[in-house]
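The chain below stands alone and is given as structure tokens, in the form predicted alone.
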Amino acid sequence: MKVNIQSKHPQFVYKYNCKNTGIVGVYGISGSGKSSLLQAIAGYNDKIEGCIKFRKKILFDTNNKHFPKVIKCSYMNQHPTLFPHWSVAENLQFAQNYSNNKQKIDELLYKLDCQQLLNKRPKQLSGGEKQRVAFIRALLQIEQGCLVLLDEPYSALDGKLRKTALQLLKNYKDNCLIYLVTHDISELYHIADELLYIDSGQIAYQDSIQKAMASSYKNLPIASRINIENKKHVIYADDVSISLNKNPQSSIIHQIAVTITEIKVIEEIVILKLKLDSGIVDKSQQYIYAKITNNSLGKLKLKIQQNVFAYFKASSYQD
């Protein structure tokens, strides 16, 4: 996808390229322009100038008087809206009637705990219930090769339901381009392929999620996404400690052999880049990071290419 657009009301200038499939995480402080980007792509802003291309098709191009084209798009607003005169069942059936997606409604209702809501109308739902129903509707509208625009779709969900919703979304990333706006960076660290950091109506930073996790740009938490024992985990540098030897008497079960490949000193903080022992991970050349103090660096006499042990708390492991 190629985006080169600008607007005066609201004021923004967005210029970037990204792949036509996968999950693009859109991140930034409140009011930075995240929702404006999604609304522009969806065609809700008629004051835009510029061009958007997707899958070699011109969605619109004001310079050459190509007016917006109708394409398959699944859009979920920050404040989910449902048809108020219809029940939940009718709202969802309407979405499915106009989609080629054969996803079973019953399966989505079960996974997001919405079976008991089918006969209710939107005014009878809580904020979290409305959000779950709107998310199911958005999934039902997804088709092969379409755009999916999600504006803070999980803000009202608790931890368990949020995790389930994220897992459901991952099922579509290979065939669609999904934009996910969120204030929770951990959501993007878990499932995004790319990060767009928006600041004051501009793309201030763009990179793969792996590189973004290691960048510390604008105080992004340093972390890595790795595979251990056929499971994907996000490990934060703050949750990793270093030991020169393995300690069988420690309460920390996860003690992994690593090699220090980089030492970065930032004032009193030291960031270690650690290569995991290929014998315990699914693929070679996987890395995690540890954040320690300058004092600890000197005390342990750490150096590049040194073999040490990285300790993880159990809570550091996340699917």
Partner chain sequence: MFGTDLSSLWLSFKLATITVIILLIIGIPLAKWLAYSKHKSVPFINSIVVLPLVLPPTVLGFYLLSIMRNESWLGSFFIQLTQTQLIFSFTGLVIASVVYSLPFVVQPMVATFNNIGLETVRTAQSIGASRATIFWKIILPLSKKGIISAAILGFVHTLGEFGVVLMVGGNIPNQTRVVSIEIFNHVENLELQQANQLSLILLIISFSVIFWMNLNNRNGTNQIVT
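The structure displayed is predicted, hence computed values, not measured ones. Residue numbers count along the first chain shown, from 1.
Form predicted in complex with its partner chain: not shown, discussed below.
Review point. Of 207-215, 78-86, 234-242, 106-114, which is the one stretch near its partner chain in the predicted bound form, taking non-hydrogen atoms within 4.5 angstroms as near?
Key: So the stretch in question is 78-86.
Exercise for review: Just give me the single entry in K160, K246, H183, K123 that has a non-hydrogen atom within 4.5 angstroms of its partner chain in the predicted bound form.
Suggested key: It is K123.
Exercise for review: Using heavy atoms only and a 4.5 Å cut-off, decide whether all three of C73, F94 and Y98 touch its partner chain in the predicted bound form.
Suggested key: Yes: each residue has a heavy atom within 4.5 Å of the partner.
Review point. Does E267 make contact with its partner chain in the predicted bound form, using a 4.5 Å heavy atom cut-off?
Key: It does not: once its partner chain is placed as it appears in the predicted bound form, E267 has no heavy atom within 4.5 Å of it.
Check your understanding: Taking 4.5 angstroms as the cut-off for heavy atoms, does S224 touch its partner chain in the predicted bound form?
Key -> Outside the cut-off, so no.
**Study point:** Heavy atom of Y44 within 4.5 Å of its partner chain in the predicted bound form
**Key:** Yes, Y44 sits close enough to its partner chain in the predicted bound form that at least one of its heavy atoms falls within 4.5 Å.
Check your understanding: According to a 4.5 angstroms non-hydrogen atom cut-off, is K130 in contact with its partner chain in the predicted bound form?
Key -> Yes, K130 sits close enough to its partner chain in the predicted bound form that at least one of its heavy atoms falls within 4.5 Å.
Point to revise | Residues within 4.5 Å of its partner chain in the predicted bound form, restricted to 2-22 and counted by heavy atom | key: Read in sequence order, no residue approaches its partner chain (within 4.5 Å, in the predicted bound form).
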